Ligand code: AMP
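Next comes just one chain, in structure tokens: the form predicted on its own.
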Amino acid sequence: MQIINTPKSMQKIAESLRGKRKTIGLVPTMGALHEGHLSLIKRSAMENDITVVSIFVNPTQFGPNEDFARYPRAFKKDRLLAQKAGADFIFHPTASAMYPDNFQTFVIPDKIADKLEGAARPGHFKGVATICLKLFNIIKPHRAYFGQKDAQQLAVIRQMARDFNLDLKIVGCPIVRTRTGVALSSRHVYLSESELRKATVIHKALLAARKEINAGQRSISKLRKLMAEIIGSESGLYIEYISFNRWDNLEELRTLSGNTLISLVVRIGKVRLLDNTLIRIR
């Protein structure tokens, strides 16, 4: 496995690989790799000749009062984990390499990014879309792999790929959870064991909503109330939002129908935990 630090070097390697008709899979990460990331790397290694893992804590997707400075960074450990999972290259650039002096051009997603996490974290998806487009242009992947846990991110990147006619496939992959059902996140390092145990109610709430829908419940207000009661059974958890949205464009639903994304954010202290489920409603 090789570690590449500059965009120019990575581009040359990608061009050479494509010239040899090798398929390239990209797994974009900010490091602090966990089993969720590793599942993406393993899938890419199965479906492509070459797998590139980017490790870059992207400053432009963090707000002024967010955790950019303390975001977990563990490159030595990440390198070993990525290699074991099947990575062929790690692209690990500096911030100055990705955003040189006088950098001025950003991708600004529209409606699909102005709700949910976009409303909670203004400017977040501007940073996400910009860094992903840069990575796509540098690494030239045939496929790029994203976890379903960050569902809106997946939707935004798919929309960008369609809008810009990008020559790659955006592959969404299932959420990976702890044995107790908590969706894995690099920010779990901020939580105590007790707080992680409390967080199990987040998935329980989603499962309960799914069960009610399958039994015929169609009232969003009743479903939201049920989920809030389950989460409220544990102290110290604060619900930022519980939302029901169309999966294709993330428009908020007034009536349940079609492919529906049920998503929520629950805060434990300063840590925001995202989770969601997709359900087909007839």
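Not measured: the values here are computed from a predicted model. Quick note: we count residues from 1 along the sequence shown, nothing fancier.
Omitted from view is the form predicted together with the ligand, to which the following refers.
**Student:** Go through Met98, Leu206, Ile138, Ala183 and name the one with a heavy atom inside 4.5 Å of the ligand in the predicted complex.
**Tutor:** Looking at the other structure, the residue within range turns out to be Ala183.
**Student:** Can you work out which of Asp78, Asp150, Asp88, Glu117 has a heavy atom no more than 4.5 Å from the ligand in the predicted complex?
**Tutor:** Result of the distance check: Asp150.
**Student:** Taking any heavy atom pair closer than or equal to 4.5 Å as contact, tell me whether Leu196 reaches the ligand in the predicted complex.
**Tutor:** Although the ligand is absent here, Leu196 would stay clear of it in the predicted complex, with no heavy atoms inside 4.5 Å.
**Student:** With the partner left out here, check for me: in the predicted complex, does some heavy atom of Pro122 sit within 4.5 Å of the ligand?
**Tutor:** Because no heavy atom of Pro122 falls inside 4.5 Å of the ligand in the predicted complex, the answer is no.
**Student:** Quick one: does Ile50 come within 4.5 Å of the ligand in the predicted complex, counting heavy atoms only?
**Tutor:** Because no heavy atom of Ile50 falls inside 4.5 Å of the ligand in the predicted complex, the answer is no.
**Student:** Applying a 4.5 Å heavy atom distance criterion, does Ala113 contact the ligand in the predicted complex?
**Tutor:** Taking the distances in the predicted complex, the answer for Ala113 is no, it never comes within 4.5 Å of the ligand.
**Student:** Which is the contacting stretch out of 214 to 222, 28 to 36, 234 to 242, 248 to 256, given heavy atoms within 4.5 Å of the ligand in the predicted complex?
**Tutor:** Among the candidates, contact is made by 28 to 36.
**Student:** Given a 4.5 Å distance limit between heavy atoms, list every residue of 164 to 178 close to the ligand in the predicted complex, or none if there are none.
**Tutor:** Contacting residues: Pro174, Ile175, Val176.
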